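Given as structure tokens, the chain that follows is alone and in the form predicted on its own.
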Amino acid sequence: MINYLVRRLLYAVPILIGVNLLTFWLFFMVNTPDDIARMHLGRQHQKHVSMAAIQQWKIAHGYDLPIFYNPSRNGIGHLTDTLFAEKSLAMFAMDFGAADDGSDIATEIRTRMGPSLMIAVPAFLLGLWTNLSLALMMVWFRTSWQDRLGVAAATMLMSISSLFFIIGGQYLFAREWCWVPVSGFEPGLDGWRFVLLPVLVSVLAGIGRGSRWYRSVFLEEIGKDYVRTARSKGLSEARILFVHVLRNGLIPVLTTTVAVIPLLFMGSLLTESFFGIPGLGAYVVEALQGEDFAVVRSMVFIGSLLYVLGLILTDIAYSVADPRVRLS
């Protein structure tokens, strides 16, 4: 197990380097360091920006170096004395530096992590429980009108944009009934009033896709030989479905939850923006709007790291859910 974990973590290093390379390449295809400096200086001074001011800003923020290759250096300095090396290597030590507007990125992440987790964790757990329950119910009543009604309802929910649930929830629960605030956030015990509606909207928006997927997984399991063997031994249908089929269906269920792990930390871009939640999702949106490359690359790095760690945790969960799986 230890050898497996070490090997997978070592595999993650070239993956993270490749993601950073791609992020740098894509960003600087659209914006040059001069463009970034001109935009930030123009926003501050609201006037024409001179080339001298642009060069001074680039030097102050570390954008004066070549992006990937420095021909003025010798040996390994060709690669290390570059914008990519200066901005990327420190992130492997979790040192994200300062944003282009001067704020500390690590401090912003610590501050905004709480609101994002307050939405993402309950929405994930409640959504997973709801989707599994509905899928098991549809399989229990398979080929009946209850099953067909459930599939039709799930298909209808899949066809509706999450924006409809957000706007509809804000109008109905916040403006008409005044049960919860329309948007905003307050730390402390009163924070639940601001995250209740985003959590419910997130769960509702994912019911259609999740319940149909889990239904297909359980339907495939219930037609296998071990289920027929269990029936021949006299086990009840409830025990077969809620114990054996559910347990054997955990492998594909675990696979689908891997993609959610980064979102638990990173937050939801759409939900946090519409509900005015000062989380990490809103932080990414603000960085994209302000073309703050320091924040964008830091959040991309964190998302990639969390996804790799999620894959490792999934493999470990496989070995727990199915003893036949061995990690070596």
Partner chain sequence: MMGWQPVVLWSDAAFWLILGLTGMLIWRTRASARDAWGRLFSMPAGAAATVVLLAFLAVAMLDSMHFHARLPGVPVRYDVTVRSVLDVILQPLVAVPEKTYSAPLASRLFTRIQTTDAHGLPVREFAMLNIVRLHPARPDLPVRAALRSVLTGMMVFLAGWWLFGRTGKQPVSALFAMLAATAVLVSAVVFCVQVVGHLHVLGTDKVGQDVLYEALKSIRTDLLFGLLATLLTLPLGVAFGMTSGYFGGWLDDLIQYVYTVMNSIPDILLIAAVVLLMQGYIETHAARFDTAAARADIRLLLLCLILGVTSWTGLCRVLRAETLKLRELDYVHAARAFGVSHARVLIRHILPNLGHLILITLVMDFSGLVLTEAVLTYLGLGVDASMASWGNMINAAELELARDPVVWWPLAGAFCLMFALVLSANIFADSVQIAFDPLGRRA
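Keep in mind it's a predicted model, so treat the numbers as computed, not measured. Positions refer to the first chain, counted from 1. For the two forms, the rigid core is made up of the largest set of C-alpha atoms that agree within 1.5 Å on superposition.
What comes next is about the form predicted together with the partner chain, which does not appear here.
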Mind telling me which stretch in 157-165, 186-194, 238-246, 129-137 gets its heavy atoms within 4.5 Å of the partner chain in the predicted complex? 157-165
Quick one: of L264, I67, I54, V300, which gets a non-hydrogen atom within 4.5 angstroms of the partner chain in the predicted complex? V300
When the contact criterion is heavy atoms within 4.5 Å, does I316 count as touching the partner chain in the predicted complex? no
Taking heavy atoms only, is I312 within 4.5 angstroms of the partner chain in the predicted complex? no
Consider R175 of the chain shown here, and say whether it contacts the partner chain in the predicted complex, taking contact as heavy atoms within 4.5 Å. yes
Might R142 be said to contact the partner chain in the predicted complex, defining contact as any heavy atom within 4.5 Å? no
Has each of S216, F293 and S304 got a heavy atom lying within 4.5 angstroms of the partner chain in the predicted complex? yes
Scan 268-294 and write down, in order along the chain, each residue with a heavy atom lying within 4.5 Å of the partner chain in the predicted complex. L269, L270, S273, F274, V284, V285, L288, Q289, E291, F293
By the 2 angstroms cut-off, has the C-alpha of I36 moved between this form and the one not shown once the rigid core is superposed? yes
